[in-house]
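First, one chain by itself in structure tokens, the form predicted alone.
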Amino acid sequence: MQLDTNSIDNHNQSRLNAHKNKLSYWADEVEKAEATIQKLIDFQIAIPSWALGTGGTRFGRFAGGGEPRNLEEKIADVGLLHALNRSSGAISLHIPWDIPTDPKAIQELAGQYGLAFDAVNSNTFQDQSDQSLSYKFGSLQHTDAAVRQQAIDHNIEVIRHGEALGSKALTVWLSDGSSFPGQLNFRKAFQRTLDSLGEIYAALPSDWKMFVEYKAFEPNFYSMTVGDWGSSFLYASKLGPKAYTLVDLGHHLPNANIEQIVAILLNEGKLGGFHFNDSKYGDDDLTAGSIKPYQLFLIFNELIEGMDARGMNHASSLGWMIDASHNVKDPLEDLLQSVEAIQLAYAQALLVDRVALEEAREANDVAQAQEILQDAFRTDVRPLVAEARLRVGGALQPLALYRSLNMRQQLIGERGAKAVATGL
């Protein structure tokens, strides 16, 4: 579905005066505001192909209607998001859910929507109908060398699909682990996984990255073979310079200090990217910024400080992607909300007075350090985010426009009320 640019223009025109009034607050901070707006324009957040339909729980899935039934419709949905916010300019595919039958045609279709292809994702946490061996007891860690080889071959196949589309990274997330004490030899599982990852790493093109994702629990509840950032860091360090840790905000034990993890990984040059979401109890996969917005801001504070210290480009040096599950919301509305929450946290962190903060730290002025951070966090940067969208042709209020045009009903009209997204 292509969004008529006149709809965006009319929407923006009706809200322009109100927007300018809000933006006038920044008249005395023009230099800071302009720098922030430009960084927001450059900052793109990839949308995963599996997040365009409703998710589910262990007990059920409730489809919302009008969901994308194939890869072409998923690209169209991301194109719609990007037209609305101008900040969702990439799609991340999950193989084998989204194997392109004609890569050239898929690339051309994505180009029509102004989209690139972000990291490709492998899947060895499910058994597919056409595979000969099961991953019930693991994939890259499996005791059977034939199962490990099947998983290795799948990952290499995913790389080949990504090459055909112009992707530059492979994300490996493993459900491998154990549910009961004694089930697994931890040392052998680690080594087998490392050896398997090594074969996949050897197949990476020279200009590619490998992201090793970790998770503290689920689907295995006694141990996960890549269970925390430390184990991921070990794998990435042993594999070589093209391997990095990927941080999913929901993949930690409760109350983990994610911002400190980010700082250490940046310091060691091994942070590869992010999967953004939010959580209350575990890996809830909720809308980014909906539960812990201050934590998201603090994470971005460390990201900016660490990236600037290493001379990294905010927009391109790391991989930025959403990884959420939409069980009770329209997926496209949820994604619009997540992208904006990420932008807000990023913009707030850009406002931190880093010179004053470092002076307070060196002087052990704890109260002043807190004041500096909270002053930035409490600043309303919504006008800056909206202005960034406006300057590149997006909507001042993407969600409001999406709703006013009844986009979900249009999608249901095109695809049907019982259309269910491919994938999970």
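Don't overthink the numbering: it's just position in the shown sequence, from 1. This structure is a prediction, so every number in the text was calculated from the model and none was measured.
One more form of this protein should be noted, the form predicted together with a small molecule, which is absent from this view; the next part is about it.
Segments offered: 213 to 221, 266 to 274, 183 to 191, 237 to 245. Contacting the small molecule in the predicted bound form at heavy atom distances within 4.5 Å is 213 to 221. When contacts are defined as a non-hydrogen atom within 4.5 Å, none of F43, F297 and W320 contacts the small molecule in the predicted bound form.
Within this chain, D283 lines the site of the small molecule in the predicted bound form, having a heavy atom no more than 4.5 Å away. The closest heavy atom approach of K168 to the small molecule in the predicted bound form falls outside 4.5 Å. In the predicted bound form, no heavy atom of R148 sits within 4.5 Å of the small molecule. Taking the partner from the other structure, the small molecule in the predicted bound form has no heavy atom within 4.5 Å of any heavy atom of R86. Though the small molecule is absent from this view, in the predicted bound form it lies within 4.5 Å of a heavy atom of just one residue from W97, W208, Y201, Y135, which is W97.
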